[in-house]
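Only one chain is included here, represented as structure tokens and corresponding to the form predicted alone.
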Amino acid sequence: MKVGERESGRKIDLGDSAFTKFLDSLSSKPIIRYMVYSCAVVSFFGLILIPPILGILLKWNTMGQIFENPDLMSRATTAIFSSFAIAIFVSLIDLAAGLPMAWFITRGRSRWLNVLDTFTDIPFVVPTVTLGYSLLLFWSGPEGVSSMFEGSLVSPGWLLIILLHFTFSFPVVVRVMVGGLLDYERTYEEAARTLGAAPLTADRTVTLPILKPALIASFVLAFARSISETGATMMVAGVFENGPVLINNLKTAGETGYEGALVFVSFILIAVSCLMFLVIRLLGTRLKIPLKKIRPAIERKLSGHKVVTLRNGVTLLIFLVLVLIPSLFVALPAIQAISDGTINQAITATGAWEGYWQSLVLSYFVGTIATILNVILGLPMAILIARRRIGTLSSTVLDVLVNVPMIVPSIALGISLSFFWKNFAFFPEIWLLILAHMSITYPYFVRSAASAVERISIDLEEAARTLGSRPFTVFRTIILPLTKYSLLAGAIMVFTRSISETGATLAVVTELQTVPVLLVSWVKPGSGMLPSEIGLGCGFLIVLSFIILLILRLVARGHQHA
């Protein structure tokens, strides 16, 4: 039996090529392993961590401005509190709604579940500002659900921000949990059921504790995504201010103390968030999931077919009403494009559509390159963190620092990236764009991959090494087969996040224009673009991305059942 054979009896094709044997022999040399991990750490600090925070550090001396202005300090502290309150609340709701959806996708029997799985990524594909515009139209505009009421159903403010943040962070939780559930071997769960445990009891007492790293990673990613989002939040905030909105309002108004407020708000968001992640990292493994007390009769009833059907129905309803339909609402006018001739102009690349197709190609190119580079650089970092190869304390610190680019408000991150990379005149603008997207998306892959590796018992690796397997053999025969769906989930999050990025892109480029930047210019008042043109532009982006992601999932699931 090969080392890479899975517990379920399926075998992984290990490959015996000369190149594979060469990599196996290289991996047994300590200097090579040291170089791989060193490159991962150096690239993280040099390309991912330092550029986003350098601008904040260089403006550190301006922080005194906010302490001299009591009114501005009061606004800042209120905005910071609002950011944390919304982020924590939204992240908890994400887990409550996202886990049942991931369970339904992975444990359901319908052949349409791959399509549903791909639909959950739609909010991640829609450019952030356009997503905010779409939710504003859906919840508050006369074109949306407010048409059934006398006024706006949900006026701009904190409630609409919560709905928006739930919409764009929900896919993060689903993606991580789907990867975890697909990688998870159900042997122990099935054994518990064989011994008489109800499905809910087995899931609660066996499956969830094993998937605890994925649950923690989901919460961290959703929290970080909410705490830093700027562009979409500005569209729905109204007069309400959280941290990123306050920074943007001060910048737009040109108020005195803007730089000091930017440094102060960004520093507090980063420091407190890192402290939270550190506590989660240190105490997360000690959290007891779930409660040990078992009530067989009640849990057996809750495992019944009717209850499960009801749960799946409610899960789908929440997804459709709060996530999918509001995200797609901005694209609905694309139907009108068929009758008014807009679609013919788009297909023939007439007028503004020539630039649209060029921007679309650029977006997919940048997203693809950023994904490939982040997988190459992020996988060694994920293993380093999960296996604590450089000691518990150092690995914990790295684990916390990986989240920093997600915590920095995107407007501050874009300014910092622009300041850092534009000092290197020899850098082509396309590489500035790729590096910016790498910095923003890197944590998504590392978080997903690290949680997957952490779920694997280290005893499996130690047994393989005892039997003479070299490090690369252990990786390709144990780690890779048992984490491949989580790695795919992380890569998909990187790709979709890159496709939708707007704020940082605007900050680092002057000539190139990705499709989110183009669509932002289209939705601005006075752009001259018709609703059908805006809707069709968003529609093309959504449909093409949907097809790409669906193909990836069909190929991956096809290999799963091979």
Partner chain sequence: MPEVQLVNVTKTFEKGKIVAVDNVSFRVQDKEYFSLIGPSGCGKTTLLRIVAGLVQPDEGEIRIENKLVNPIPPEDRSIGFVFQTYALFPHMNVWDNVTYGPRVKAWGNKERTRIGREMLEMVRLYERLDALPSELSGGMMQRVALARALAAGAKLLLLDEPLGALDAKIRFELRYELRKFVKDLGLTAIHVTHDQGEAMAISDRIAVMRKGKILQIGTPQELYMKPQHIFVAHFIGESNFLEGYITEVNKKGSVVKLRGRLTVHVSDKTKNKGERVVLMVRPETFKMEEGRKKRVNSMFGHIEKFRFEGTNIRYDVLLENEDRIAIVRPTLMGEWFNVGDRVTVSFSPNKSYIFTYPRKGLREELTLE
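What you see is a predicted model; the values in this text were computed from it and never measured. Numbering follows the first chain given and starts at 1.
Missing here is the form predicted together with the partner chain; even so, the following discussion is about that form.
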item	value
Heavy atom of Leu467 within 4.5 Å of the partner chain in the predicted bound form	no
Contact test in the predicted bound form: Trp421 vs the partner chain, heavy atoms, 4.5 Å	no
Exercise: Ser147 in contact with the partner chain in the predicted bound form, heavy atom 4.5 Å	no
Any non-hydrogen atom of Pro209 within 4.5 angstroms of the partner chain in the predicted bound form	yes
Interface residue in the predicted bound form among Arg476, Arg388, Arg193, Arg75, criterion: non-hydrogen atom within 4.5 angstroms of the partner chain	Arg193
Heavy atom within 4.5 Å of the partner chain in the predicted bound form - the one residue of Ala202, Ala370, Leu269, Leu384 that qualifies	Ala202
Option from 428-436, 184-192, 128-136, 482-490 whose residues, in the predicted bound form, bring a heavy atom within 4.5 Å of the partner chain	184-192
